Ligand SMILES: C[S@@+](CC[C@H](N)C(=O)[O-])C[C@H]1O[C@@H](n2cnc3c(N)ncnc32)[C@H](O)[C@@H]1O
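Below sits a lone chain in structure tokens, taken as the form predicted alone.
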Amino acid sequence: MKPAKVRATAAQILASLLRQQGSLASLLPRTTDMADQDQNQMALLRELCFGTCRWYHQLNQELGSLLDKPLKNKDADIHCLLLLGMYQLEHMRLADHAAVSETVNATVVLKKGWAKSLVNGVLRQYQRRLASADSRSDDSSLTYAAWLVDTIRADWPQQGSGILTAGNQHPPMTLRVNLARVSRAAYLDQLAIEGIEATPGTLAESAIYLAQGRAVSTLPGFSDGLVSVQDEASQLIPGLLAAGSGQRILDACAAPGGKTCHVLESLARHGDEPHTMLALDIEARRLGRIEENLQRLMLAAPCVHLQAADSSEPASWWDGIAFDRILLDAPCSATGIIRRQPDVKVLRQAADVPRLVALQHKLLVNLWSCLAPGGVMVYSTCSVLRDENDRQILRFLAETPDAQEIPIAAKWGIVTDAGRQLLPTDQGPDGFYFAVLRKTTPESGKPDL
């Protein structure tokens, strides 16, 4: 793609995003579909889309002050093109003249040549504004929707500003070492031999942080299953689930399969194998990603089953035999991983949260019936909103007589009214919430800690 084509494509993707017609993950072309000579342009396309989403609310407010009148709905692509141009001028290391000229040229690619003078005029005006400004505001709240700022600050009065700031950072690239195949120390040595700077994580014994992101194909042993890409926070799940040999295990919302694979790796490390490992996802197309990961990690086995099903409706898939362990990594607002998925800032609406809370509650209630007495469920989200996390679990515990919380004994995170919360930190783990629940029997006492 030529530079102007890249910018036109980015504008079309963002316009679709604003219409709620997908996410960046679904709208961006896959790198595997592109020729080698287009990889640099793909990197530029991703940077334009991710970066503009990261700063969308602030840029959009500035754009409103630069336009004499709002653009028509049919010209949403031009509106997004202007935002892309502003992002380049303020946040990218590109020559201003190149950023402006190629963005103007993109109007022709979009077959809207009439907008050339508009785009040129607005970007030149913004360029002058940036040059004359004594200082730019560093208020992180300007880059978020007001409802989300208010909710985060109400939930986390002391940590709210830090959460907002962390969400504007570029995330670290974090690896999960397959400890069933190689030790973390040995893999760090392999990275050092390759000249790849890395440090061990402090929360999960399998975690490694890279000093700089890179293509997975350049990681030693990646294709052989020695390592995977996964944030350190979610690498804590196998330890909380504490699955054992011969158990029936359910991963209720499994795709793309990172947690499924990590649980299986943890079992294999100790020479264990589940009786059954069932991984569900509501979207059949996403099961292919799980299968790819299982094959690469050499974890595919007769005991591992993948199924497209709605986890909240067990009658459609459950055979009636209870599970010993259930992992419910529930659909959520994704507010703890905004730095990785900045389109959350654009896509997520205040009205989405009650809908997600209702779905999470339905999953908790209906999956609980599939758990064996004495069995353990781990509930997790990549959210920092307490309605989805500890308040959700408190409600469930109050309504479910045979549910008891197992307190998480750890030095990481924040103890909440129920469960434990990790907040996103620069060059650290994502925002993640965990609660561990045991199904009791009339004869059982308090859960073992």
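Keep in mind that what you see is a predicted model, and the values were worked out from it rather than measured. Start at 1 with the first residue shown and count on from there.
Omitted from view is the form predicted together with the ligand, to which the following refers.
Exactly one of the stretches 205 to 213, 308 to 316, 343 to 351, 147 to 155 approaches the ligand in the predicted bound form with heavy atoms within 4.5 Å, and it is 308 to 316. Interface membership of residue 180, defined by any non-hydrogen atom within 4.5 Å of the ligand in the predicted bound form, is ruled out.
Not displayed here, the ligand is approached by residue 359 to within 4.5 Å at the level of heavy atoms in the predicted bound form. Contact between residue 220 and the ligand in the predicted bound form is not found at the 4.5 Å heavy atom cutoff. The ligand in the predicted bound form comes within 4.5 Å of no heavy atom belonging to residue 324.
This chain appears without its partner; in the predicted bound form, the one residue of 109, 253, 188, 267 with a heavy atom within 4.5 Å of the ligand is 253. Of the residues 257, 167, 201, 172, just one reaches the ligand in the predicted bound form with a heavy atom at 4.5 Å or closer; this is 257. Each of 282, 286 and 329 is positioned with at least one heavy atom within 4.5 Å of the ligand in the predicted bound form.
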